[in-house]
Every structure is written in structure tokens, then in C-alpha cells.
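In the form predicted alone, a lone chain appears below as C-alpha cells.
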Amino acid sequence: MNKMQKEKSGAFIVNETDSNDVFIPEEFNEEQLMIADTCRSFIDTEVAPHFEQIDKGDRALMRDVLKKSGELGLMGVSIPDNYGGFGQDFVTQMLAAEVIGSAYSFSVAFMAHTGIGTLPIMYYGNEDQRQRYVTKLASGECLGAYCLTEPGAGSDANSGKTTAVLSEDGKHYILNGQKMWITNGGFCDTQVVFAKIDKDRILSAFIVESDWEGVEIGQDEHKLGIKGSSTTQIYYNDVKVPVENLIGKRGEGFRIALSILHMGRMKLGANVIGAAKSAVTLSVNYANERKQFGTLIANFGAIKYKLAEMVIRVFAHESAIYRVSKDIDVLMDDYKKTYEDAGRAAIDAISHFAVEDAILKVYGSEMLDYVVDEGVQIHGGMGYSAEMGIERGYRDSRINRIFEGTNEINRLLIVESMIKFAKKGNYDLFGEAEKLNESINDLCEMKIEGGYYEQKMTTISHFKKVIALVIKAFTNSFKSIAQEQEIQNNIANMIMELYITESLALRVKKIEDTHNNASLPLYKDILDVKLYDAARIINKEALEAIASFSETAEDRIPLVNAIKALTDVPLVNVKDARRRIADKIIEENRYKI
């Protein structure tokens, strides 16, 4: 496949991808690495020394540290230079987001400002709005917030009750309503606020300044984690919003909200990599210091299992993140050739990858939850103490499965989007499935042969066949799939395992083909274990789905036999592979693989 062609979201389910066509972290250029180092240095010097004080909810301190990051230019990585930013590509934005992700509550405040607090104006605003607001947001002169969620609305964003009524003189919208769970609410200068104009069915979006009359900021919420992040309710009482502060068109707010959620999911997927790598480092540091029964706990096989599994999941997720990030950059460049507005081109390119956005949000947040949970376990009783950084990481991780749409919503989105795109003709998922059904007995005879990578990619191709067969059988069995959320979860879990594992395999192959890397044997260990586990997961989820809607045991036999055959993989000595992976980071005493 030529990467200069427009990639279809979810097309990986039927397409074969060449490893030469994917971007891998080993290809970061010097400028990208310098930006990452600048972010890392800022966290080490300006943020980390204040972690404890920030966690006490010190609004003034958080505001001060955020402004310092703006003065250094970190808030302008994704902003074009004509608005005071650096105009970096999406891969670089994601790398910066990854590094910032290690900074606990600061990461949440920073990403809320640079993402959902700034980019709706950057992507959907007009030139005047960008000059008036984006320039100040990019420099840190102003700090931003995003005000969508309302009491009682939850995940149904368009059900909000906040209203905007045009004034008699036509110069203002009079805003009334209430927003909740507003990140940076306690100190923001600008707000992107969603409301319905008059009796519109669909939301519109507005820029509101916090010091305007009628804007009332509530107290900070007391939360399980991310305690240093200011999270408030905001009330609007007859707030006069100038008509020129309407973002985009009337009724375009819901589209803006959904598009920004796509962007937020993707960048959350990068954030969790930084948080996870930090947790791995904290865990191996402790394992290399703590002695039990006369030896370091790093020497115990049970601890090595945990450390290795943490690394495998981080490395695999990272592979997928930068794969799709480059796809987005390619599509952005393509769109910018035909779009009149570069901002719209950028957000449409990000939003295009709805399936991948949701996959990486769900898999990444659950990957981090696994990593910090095992990190606490490695620390034992000390992991439960607030003296240790892993305790903060554990608490702060939990929100990620709720942020940017709950994982439950996103699992449904993965399946529904893939089916919708297939029915639109973006790729021939159902045609491929029909061909497989016609020769379903032959699938049981398919062999895994060839060299190392041929075997891996054949196995991954088999996974695709399993998923196509299950989706086809599922959609044939129900007129409406919306009520079958348990089965959709089965399918979503299979799709996630496929995309993550394929991305990992493509990365490892490209490393061998293009890089002289001494760690290649360890990368193959990571791939061996991940592929072996993916086969088990896909087997279980597929059989569970089939059992949920096949009418009789006889109906199931051909499909069940095919699933079992296509997910049958050679045995792998996962114990030794995991020990080699763990020994590497134990030797390095940090996440370095």
C-alpha cells in the first residue's frame, strides 16, 4: 500500500500493510528528540519538585507552572507559527504529549489547555478569533478550558440544557446554564462553551472569557486522583457573549465536540505512554533496592513476569500510536492541498481515524491501569503509601478510562464505526467475509509456514479472518446490533488485539530491515509473547461471541472449528522470553528496551 494514498479508518481489518509504510519511534529525527528533551527537562526542573504541593490543589502554583511552560514555547507545539506556535507535525505533537504524560496532574492541566482548551478555536475559529485568542493561548498569556459536560448529560453530550438566546439588538448571545467536571476551571481565562441557540436541537460553540459578568466559578472538586488538577462547576447567569465569539457555524457545536473528542482520545493514548514508562522505572528502581529472603526482589521470577508484561504492553501500544500518527500526518498533508482552511484540514484528518482513535484510547488507558496496578504490587506495602510515586500514578491513572468518552462508549464506537465504514464501501469487509464463509471448511487446513515474519504476518492475517467471520455472523443474526453490547465488546476486544499486535509486528520487522539494533532479539521476544497472548484472547472473545447468538450447536460447528484453527499458534517459551525482557530493564534500572 502506498502511504501517499488516503488511508481508510479501520481498513487494517482487510488490508495488508507493508512494514516500510509505517512510522516507528526509532525514526524520530533530531528536532523531534530535542523537543522531547525540552519537555522532559521542564518536567524535571519545574514540575517534579512541586508534585506534592500541586497535589494539594494549589491553583496559583499550577497556573504559574503552566504559564512557565507557555513562556518556554511548549504550549505552541501544535500551533502554526503565524499564531505564535512552532507548527510541528502530528507525530511530534504526540511525542511531546507522551513525555508530558509522566507529569501526573500537571499533564492533565497542560493537555486540557493545549488540546481541548485551545484547538477548537484553532481548528474551527475564524482568523479574528485565532488572532485574538489562539496567540495568547499558545504563549500561556491566557489559559483555556473546555466546557461541554453538564449535570445529568453524562456521555450524551448533545443533551445539554445550557442555552444561548440572541439579544434584541443582535449583538450578543445571552448564555444561561451550568457545566461540570471542567478541567482548569478554577484558573482559566478563556472557555470553549457549548450551548443550544434558541430552540435548536444541536449544540453551538462559543468563546467565553472567565471575567465576564455572570460567569461564576465553583469550588474545586475533591477527587480520587489528579488532585492537583482544578476541576470545577461553572455557572452562566445571563452572560453576554458577543456574536463574533460564536465558533464556526450555528449548530456546528456537536460536530466540533465530537471532532475534539477524537483528538483528545488520540493524545490521551500518547499521554499514557509517558505515565506508563515512568511507572515501569519506579517499579524496577524499587525491585533493584528491596530485599526479601536475603535477595533483591528483582531476582524473583514472579517479579520478572510483572516487569516484562508491563514492558510488553507499553512497547506494543507505543508501536500503534506512532503508526497511526504518521497516517494522520499523511492525510493532513493531503487535505491541506484541497481545503481552504488548514485548521479544518488538520482536525478532519484526526477525526477521520475514528476506529483507531477509540482503540488507542481504550487499550492505552487499560494498559496504564495494568502497569500502575502491578507497580503497586511490586512495591508491596510501600506501594500503598503516599510516600511513593507509584501511589500517585495508581490514583491518577483511573480517570483515563472515563476521560474523552468512557471505555464502554469507545468499545461500542470501535465496532459501530468499523461496520458503518464497511457498509459505506470504504473497504470490502463483508465481501471478504462472504468468501471465507463459502470455503469455511478449508480454513481449518490453513498452515503457518515460512520464515519468522512470514509466520507472524500469516497468524495476524488469520486473526483478521476470524474477526471478519464473527462480524458477518453477528450482523446477520440481529436486525439491530445496538442492543447487543456484550457481543460488541467481544468484537471490540478482538479488533484492539489485532491492531496493537499488527502494529508491533510491523515495527519489529522494520527495525530489523532498516536499523542495526542490538536489542532486536528482545523485540522479537516482545512480539512472540504478545502474539501468543493475542491468539488466546481472540480465540476466547470469538467463541464467546458465537455462543451468544448461534441458534444451535450444529450451526456453530463450522465456524467454531475455523476459529479454533485460525487462532492456533505454535507454543512459545513465554517464561524465558519474559525473563530476558525483564533482565534488560533490571540491568538498565529504568524503562529502556
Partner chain sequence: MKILVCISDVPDTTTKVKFKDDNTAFETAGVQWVINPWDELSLTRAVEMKEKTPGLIDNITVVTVGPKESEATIRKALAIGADNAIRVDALPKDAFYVASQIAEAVKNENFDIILTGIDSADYNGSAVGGMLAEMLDLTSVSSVSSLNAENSKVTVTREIEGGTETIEAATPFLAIVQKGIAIEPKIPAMRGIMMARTKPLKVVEPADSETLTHIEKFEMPQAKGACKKFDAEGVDELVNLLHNEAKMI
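What you see is a predicted model; the values in this text were computed from it and never measured. Residue numbers count along the first chain shown, from 1.
There is another form of the same protein, the form predicted together with the partner chain; it is not shown, and what comes next is about it.
Taken together, the three residues D37, L74 and V77 all come within 4.5 Å of the partner chain in the predicted bound form, as judged by their closest heavy atom. The partner chain is not shown here, but in the predicted bound form it comes within 4.5 Å of a heavy atom of S41.
Residue contact with the partner chain in the predicted bound form: Y370 places no heavy atom within 4.5 Å of it. In the predicted bound form, no heavy atom of N245 sits within 4.5 Å of the partner chain. Although the partner is absent here, F430 is not a contact residue: none of its heavy atoms lies within 4.5 angstroms of the partner chain in the predicted bound form. Only one of the listed residues (D555, E544, E31, E52) places a non-hydrogen atom within 4.5 angstroms of the partner chain in the predicted bound form, and that residue is E31. Heavy atoms within 4.5 Å of the partner chain in the predicted bound form belong, among the stretches 523-531, 558-566, 66-74, 52-60, to residues of 66-74.
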